[in-house]
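Shown here is one chain on its own, the form predicted alone, set out as C-alpha cells.
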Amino acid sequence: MKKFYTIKGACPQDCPDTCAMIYKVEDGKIAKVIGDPDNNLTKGRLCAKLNNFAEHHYNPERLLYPMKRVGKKGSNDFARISWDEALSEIKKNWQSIIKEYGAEAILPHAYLGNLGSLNGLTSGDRFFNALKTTVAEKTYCESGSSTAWMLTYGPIGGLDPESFAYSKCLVFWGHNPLSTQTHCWPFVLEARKKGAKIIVIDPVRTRTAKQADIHLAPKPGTDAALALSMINVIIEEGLYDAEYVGKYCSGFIELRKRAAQFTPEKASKICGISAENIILVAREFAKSKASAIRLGVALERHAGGGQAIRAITCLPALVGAWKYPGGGAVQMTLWSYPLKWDKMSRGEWIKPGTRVVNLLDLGAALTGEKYNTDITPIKSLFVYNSNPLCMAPNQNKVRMGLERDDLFTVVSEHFMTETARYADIVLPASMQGEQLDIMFSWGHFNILLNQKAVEPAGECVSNTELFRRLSKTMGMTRPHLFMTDWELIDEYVDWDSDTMRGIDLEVLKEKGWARLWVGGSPDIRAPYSKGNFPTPSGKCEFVATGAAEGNHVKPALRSGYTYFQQGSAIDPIPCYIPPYESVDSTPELAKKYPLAMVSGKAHAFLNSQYANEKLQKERQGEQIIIIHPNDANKRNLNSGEDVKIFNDRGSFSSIVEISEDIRPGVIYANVGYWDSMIKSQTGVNNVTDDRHTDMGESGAYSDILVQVEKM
C-alpha cells in the first residue's frame, strides 16, 4: 500500500516572494509541490519557475555522489569517489596550501543559490572564518541599493507589498514584478480597480510596463537625473508636504538646491524623456498622496546607481506618502526580520587584517591582477550556492582563473554547471525538500519554516552538514561548528523580538509560516507616519549623516548582511553620476561600441538556476537580444538571425529580436543561460565589466557599451 503525507515547506530561491509551499510525498518521494492555499501571498499558486519543483529534485542529470576530476579542467571528465576520499583529498590539499602560503590562500565563493538562514549566504562563514581563510565580500546584488536605502531611512523594512492594494499611485522603478515578483501583482490589480495609476520606469517595455498607465524609458544609468527633476517639479510647484518634511525630514534646503540644477528640460536631455512626461509623473506621484515606489535591483547596476536610489527614496518622504496605508517605498523587507546575522557568520572569529576579496573581482583575483596575490596567491577556491562562471562579470577573466592547474577548486552543486566542470572535487548538495531551514524574505513580511520532506537523494548533503563534515575533517573543535540544524534555528532567530510576538517554533511547525508583527494589518499599516526612522537624526535624511562622516553602510558583505566600515566620504546629497560607458559620457568609445546593453532576469530561470531544465528551457526559448528597429536597420538585421554582441572584453552570440519594446541606442539581454546552451559557448557576462559602483561595492553590470553585427 502506498504511503501519502504532506509537509509544509518554503521556496529556497533568491526571489522576493519566498513562497509558502506544500510537499506532497508518496512512498518516500516528493510527488508534487504546490503553493500553500492558506498563505496570504501564495494562495495555492507557485511561479513558472517552481511549478515542476518536484521533478527538479529527480532530474536524471542531478549530481548524487562526490566526484573527482580525471581529465582536463573544463572537460567534464570525472570519476565517482566516496565522501571519505573527497574529504581526505580536500584536507591533503588544504593542509599543504596552509603550510606553504597560509590559510588566506584559500578563498570561499558563495552567494544566494539558496536563500535560507541555515543553508544560504552565510552557511559557510563560520567554518571559513574559523579556518582563517581570505574573507569573501559578497556584493553581487542589493548591496548598493541597501547602502543608499540605509543612508536615507536606516534599517527599516519599508512599505508592505500587501499594502499596494491601498496605494493610489504605484511606481515600479527598474522592477518587473510580472516576471520576478508575481505574487504581489494581485494587490496591484486591486489598487487599479480602486483607481490607482501604475507607472513603470524602465528602458525596456517589460511585461509589467505593458500593463502600465504610464511607461517612461530613460537612458540606462540616468535615473538619478530623472528623480532629481521630479523633486524639482514637486518642490517648485509646492506639491511637497511641508509639515511632514519639517517634522520628519532633514536636509530639505540642501536637497532643494541640488534639485534646482535638474529642470525638466535639462533632465530631458540627459534621460531622453520629454520634459512634459517628467512633469506629468511628478505631479501624479505627488498629488496621489498614498503613492508607492517599488525599487528594482537593476537601478544599482550603473556608475551612480547608489545615488540614483538615494534620490528616488527621497520622493515618498518629500510628498508625505508615508502617512498613508499604501504609501512609501520598499527596497528590502529583510531589515524587519529578527535574525542574528552575527551569530550566523561568527564574524568575531575574523582575525584583524585578514585579506578581503570582493567576489565581483573573482577573475582579477584568480589571475593575480588584484589583492596582493603576488604575496599570498589564491591557491584554492571553494564554491557553493553560486555559479560564477555564468553569473560573475568579466567572464573571460573568471575562466582564465579557473583554468589554472595550480588552483585546487572544490564545488558543491546540484548539477554539473560550467563552474563545476573546472573543479577538482565536486560535492553533491541536497535540495530544499531534503533539508531543514528557516526562511526570511526580501519582498514580504512572512517568516517560514521549511521542513524536511524526504531523505536526500544519493549521497547529497545540506550545506550545514557539509560544513560540519569539513570542520571535523580539518580537526576543528569549536562547539558552534557542530550545532544541529534545530540548534542553529534556535540560535539564529531572536525569538524574543517584538516582531515575533505570537510566533514560536511550534506555530511555524504547524502552520509553516507566520506574518511578522510590523505595525498592523496592510490596510492600516503606516508605521512611519510620524517619522520614527532609525537614522542618526531619527529622520528621513535628504542629507545623509553617514555619508558626510565618511561612514557608509555596506550590506551583505563579510559576515552577514550588515556592518559599518570606515570608507571614503560620498556626496551626502543625492546627485547624478554619469554612466561609465555611454554615448554621452564616453563618445570615443561609443564610436566603436555605440549600443548600451542592459541585462536582466529571465522569466523562466532564476539567475542560472533551472536553465538546464527541459521545461524551463522550452518556456524561455533561446538566448535573445532585443534591439530597436532603427538600430537593426543600420546593421541590416532581421528578427530570428544569429548575431554577435561584442566589446573589448569579449563576445557572445544570440538570436536577435527586433522590437520597439526597447528604446533606440539600447539592447536588452536576459542572463542565466549556461555557456553550453549558447552557440558561441560564451554568455552575456562575457561582455560585462567587473567595475564597482558608487555605493556598497555593487557591480556595474548594465553600464557597458557593445556593438552588434550579423554572424
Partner chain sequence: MAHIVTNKCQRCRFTHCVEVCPVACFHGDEERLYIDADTCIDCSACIEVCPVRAIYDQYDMPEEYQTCIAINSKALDFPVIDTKHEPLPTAMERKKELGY
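Residue numbers count along the first chain shown, from 1. It should be emphasised that the depicted structure is a prediction, and the values quoted were computed from it without experimental measurement.
There is also a form predicted in complex with the partner chain; it is not shown, and the following applies to it.
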Next item on the list: Please pick, from 101, 415, 185, 517, the one residue with any non-hydrogen atom lying within 4.5 angstroms of the partner chain in the predicted complex.
Entry: 185
Note to self: Can you work out which of 601, 207, 289, 370 has a heavy atom no more than 4.5 Å from the partner chain in the predicted complex?
What the structure shows: 207
Check: Pick from 57-65, 41-49, 662-670, 678-686: which stretch has non-hydrogen atoms within 4.5 Å of the partner chain in the predicted complex?
Finding: 41-49
Check: Is there a heavy atom of residue 498 no more than 4.5 Å from a heavy atom of the partner chain in the predicted complex?
Finding: no
Item checked: Partner contact for residue 615 in the predicted complex: the partner chain, 4.5 angstroms, heavy atom -> yes
Note to self: So in the predicted complex, is the partner chain close enough to residue 178 to count as touching (4.5 Å, heavy atoms)?
What the structure shows: yes
Check: Would residue 524 count as a contact of the partner chain in the predicted complex, using a 4.5 angstroms cut-off between non-hydrogen atoms?
Finding: no
Notebook entry, point to check: Going through 186-219 from first to last, which residues have a non-hydrogen atom within 4.5 Å of the partner chain in the predicted complex?
Noted result: 186, 189, 193, 207, 211
